[in-house]
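For this one, two forms of the same chain are given in structure tokens, first as structure 1 and then as structure 2.
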Structure 1
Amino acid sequence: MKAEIIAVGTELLLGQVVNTNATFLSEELADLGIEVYYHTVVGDNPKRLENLLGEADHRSDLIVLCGGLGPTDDDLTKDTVAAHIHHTLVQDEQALARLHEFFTFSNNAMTENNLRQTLMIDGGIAIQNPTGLAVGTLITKNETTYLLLPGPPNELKPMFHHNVRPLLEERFPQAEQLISRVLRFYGIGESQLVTELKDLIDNQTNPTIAPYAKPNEVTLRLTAKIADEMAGQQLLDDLEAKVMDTVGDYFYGYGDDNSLVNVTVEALKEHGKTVTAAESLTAGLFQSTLGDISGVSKVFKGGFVTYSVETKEQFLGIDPLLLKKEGTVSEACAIAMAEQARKLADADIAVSFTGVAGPNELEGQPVGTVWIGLAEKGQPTVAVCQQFNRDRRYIRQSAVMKGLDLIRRAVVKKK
């Protein structure tokens, strides 16, 4: 089973956009046991795409194309592939209905060219796009399968997960299946994790262990290649137990689509605890991260953004003398912020963030210094000092992740 990925878009050839779709698709296809032999990028040029398809036909069983499904005249992927295999384009009724619905509820006018997005290749399977308007197609001709997906990653990824993966699993079943499990860790770097697990990683054959570093966390993918599902799960259970023996304290949850905020909100719900926040350098990023989770209103009612000295006094009623004496980037300020926020919002738990996001130091403290306070009903309030690095955005994100972990550990009592 040989596959290749063709990304269509002049913006990629001009270096304006990075081809992250090829990376994403490669990882997904590998996971399905489909080997990728080539990535190619070609501009919005039907002749060159047609030439490329001629080559790809001969060397690949599956050709995944991304980009060029949009409404404008330079979106030519569908037309070119259809012409190449001597098929026509037809309207997909489900995509058309979605388009009309979209523009009914939209502030933008629906221009005629949008209809192009609802065309698919006749004889193929329409792939619906949950987060966009361009419909995809999966079609097999002369033993080659063509899969057409849109270019924007925020459309391509959900389409792949929800609609393409099940299709490919059905079309291209593997004698041995890949059974995998993702473990997520917070508070340990990739190089340290790999060092701690060196013996396990060096001796891996089946199941395999693949570490993957993401911003502020590391995941481990355990994968068994085996015919029998039950036996595969047992292999993964055994390996997971060994991993947990070594680095279990940093483990927070399972799954590709999981996140620390998700696990933290679930823990709060499960224990019936509410949370609030007072944010200085993070400026609402912690609360906004909570807001990403649907149903968070059960545990989060609101909170404060106190970016300046004045708002720390005005909104939270913090003693100006304390701020003057201790400074705003201090243990005392973090504790006062958390305590006052908890009382004012009448919540079970409050977290506070005060520190130096940069680019300049503040109150003589270096960029990346962050105090995080944690106030719990019936518990002494504590604050921890962290030193983060890289840029402004990363420092603020790192602070939010640490705040989530403090709350999660407090709630599940894994202090």
Structure 2
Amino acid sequence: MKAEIIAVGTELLLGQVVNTNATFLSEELADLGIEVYYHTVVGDNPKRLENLLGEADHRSDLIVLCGGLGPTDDDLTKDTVAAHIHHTLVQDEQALARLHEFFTFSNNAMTENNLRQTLMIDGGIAIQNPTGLAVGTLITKNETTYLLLPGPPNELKPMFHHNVRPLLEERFPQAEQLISRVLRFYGIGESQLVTELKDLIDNQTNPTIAPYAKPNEVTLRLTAKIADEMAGQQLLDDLEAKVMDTVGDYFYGYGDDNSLVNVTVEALKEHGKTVTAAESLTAGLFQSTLGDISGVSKVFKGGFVTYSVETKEQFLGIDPLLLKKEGTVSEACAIAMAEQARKLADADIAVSFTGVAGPNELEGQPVGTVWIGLAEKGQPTVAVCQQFNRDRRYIRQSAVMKGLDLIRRAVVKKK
């Protein structure tokens, strides 16, 4: 079954709202074995929407429209689709009852235009909205099925999960389903990853491999199309093993929503290790990144922001003679910062960051030069030098990612 998604709303074209519905719907439909071939955004213009529906009729079995079901004059999705398939709009009694209940409970006056939200396309199936007032419609005409959903994600998502998904599973059972697995990699660029996996990518059939570059990391989506889920998982296992044989050293975790900081914090928790940090050029960004993770207090003791020479001496107790001789952008400084931070915080691991974020060079070192130190209880302290590019913000974020990876590797190696 071929599907396409049409997002309706001028605010999407203006960039005022991000079209997150397309991502959500594509993932959900793929999970049902329904392949999405097209994504389109159209403004609140009935003529343009009608033209787009004419194209969609010839190329898709399922057309999912989101947005344009509200009470205002520019919410014309239902009117346009109904006219397109030569049907009328009728009032859904369940939606009408919910509308009256809402306004009675809120003690607000209901304006006449709110009744538009209770209209559905005659001959279709009403899709009730558990978190909003606009009713949706599922209707088939001339072998094409139209699914109309509201635009707000907080309405569309529960509506799909509760009412749409079971309906699609019942009416359009698919012989095959798409099963995906996302692998995440740090320390290797997309071009290098693709080069390393060239033979696998060039000869892919089922499952398939799709690389995606993200800031400071790369993901691979492995997708199998198969009738039996267990057999599909085995196909993914076999392909993943081949990928790992080639680039497994850069792999750190699974999933779309996972991240290097999540994986690092979980590794620290699993091994009962605590961490601290001493930051210069990152100015607390590393510690802030840790603080975004729920439950990090179990492993993060707090840390130090030592942006100047004076605070490196005063807060961390670093010998001023070392700083004068070696400079702040140096291996020696990074090692001293990490060691002192670990001792002062009484942590198992400490990471330090010192370098040049720009826009000008410092101590004769070019912009993007970063030293990252790692002090670990019972182990020699080390420091690595990285040369990051792009702008100031990207350099600081890159440093944080490298620091997280150093910690993760230090912890996981003890398994």
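The term rigid core refers to the maximal set of C-alpha atoms that superpose within 1.5 Å between the two forms. Since the model is a prediction, treat every value here as computed from it, not as a measurement. Residue numbering: sequential along structure 1, first residue numbered 1.
- Shown as structure 2 is the form predicted alone, with the alternative form given as structure 1.
- In the two-part rigid description of the change between the two structures, residue 102 is assigned to the same part as residue 3.
- Hinge motion between the two structures is captured by two rigid parts, the smaller swinging by 32° against the larger on C-alpha superposition.
- Core superposition places the Cα of residue 146 7.9 Å apart between the two structures.
- Taking the core as the fixed frame between the two structures, we note the C-alpha of residue 175 moving 3.5 angstrom.
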